[in-house]
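Coming up is one lone chain in structure tokens, specifically the form predicted on its own.
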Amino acid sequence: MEAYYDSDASLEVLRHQTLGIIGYGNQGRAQALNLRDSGLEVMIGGLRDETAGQAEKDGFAVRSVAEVAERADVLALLIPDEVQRQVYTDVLSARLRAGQTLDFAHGYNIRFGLIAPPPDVDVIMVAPRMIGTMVRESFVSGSGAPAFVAVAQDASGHALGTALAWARGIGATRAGVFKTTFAQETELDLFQEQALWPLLCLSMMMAYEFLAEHGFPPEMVALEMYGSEEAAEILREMARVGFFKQMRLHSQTSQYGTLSRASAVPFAKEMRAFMENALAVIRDGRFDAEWRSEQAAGYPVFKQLRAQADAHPLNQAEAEMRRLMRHPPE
């Protein structure tokens, strides 16, 4: 896998270009601030909402999406995937011009053909592997958030250079930028969300319910599972020293218990089949069709799933856990 760092990217590529960011939410704010701190000029395009107010407080002039689309040389769509499609169709498609660069932070709409830019426009992706707040915090601390970069269209012949310059501007090349494709980034991201995290989520809920049924105080279970932040620290150490090497930071009893029982889990074949199906549904477009149908219907299933999650007794357990720790829920 090709990797790029500060020495592989030049901010001069963007120095005399007009940079436009559509959206000032999680990623939009972080990337705009980082680019400005890197000495680049950034325009913000958005609706007159609370994010626009935040952008103005941060010293940016907020213009209409249409104006930014017409003026920007490099235009980043940092708004939710489903909103991107509507904004592109309603505003951007009629305003893009030859020689512009369209930048994405996630490959979904390009991967599934929901946005089809004209052939004379460069289409790139700079996708940080952290949420926006961490993209900003890591930049300010002098480190950086790693990112994936990809080129879907290279009309100018310099699309990769533009992507790397943008990645350097937001601090990603400090940590490392890895070249991929829109398809790979999208499929991997969706697989994490639809295969790995569901298994983890179900395991946590089942463990909570099981232990509560067997007489353990609910708030004690929540604290032990994740509330103490030990689980978060384990994940951080996995990233820092290695998946298995972080185990050496725990007792030998802990290591033996985890390793011996992991190999004895009885439903490993079923988990593999679940993962195979999840990836197939992503790749052949069934999930995209399902998700677009859900959006068109007004999110009935999504709302029901959220309501079920909000009603789970784990919410009350963690509220009591925080009260006992003198850390009230936000």
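Residue numbers run from 1 along the displayed sequence. Quantities reported herein were computed from a predicted structural model and do not represent experimental measurements.
If you look for the form predicted in complex with a small molecule, you will not find it shown, but the lines that follow are about it.
- Contact with the small molecule in the predicted complex, judged by any heavy atom within 4.5 Å, is made by just one of Asp37, Asp49, Glu290, Glu270: Asp49.
- Distance criterion of 4.5 Å from any heavy atom to the small molecule in the predicted complex singles out Leu78 from the list Leu92, Leu78, Ala222, Ala165.
- When the small molecule is considered in the predicted complex, Gly20 lies well away from it, no heavy atom lying within 4.5 Å.
- For Leu202, no non-hydrogen atom is located within 4.5 Å of the small molecule in the predicted complex, even though that partner is not displayed.
- Pro128 belongs to the set of residues with a heavy atom inside 4.5 Å of the small molecule in the predicted complex.
- Among heavy atoms of Val83, some come within 4.5 Å of the small molecule in the predicted complex.
- The putative spot formed by Tyr24, His106 and Gly132 is fully lined by the small molecule in the predicted complex; each residue has a non-hydrogen atom within 4.5 angstroms of it.
- For the small molecule in the predicted complex, the listed stretch (166-174, 83-91, 137-145, 229-237) containing residues with heavy atoms inside 4.5 Å is 83-91.
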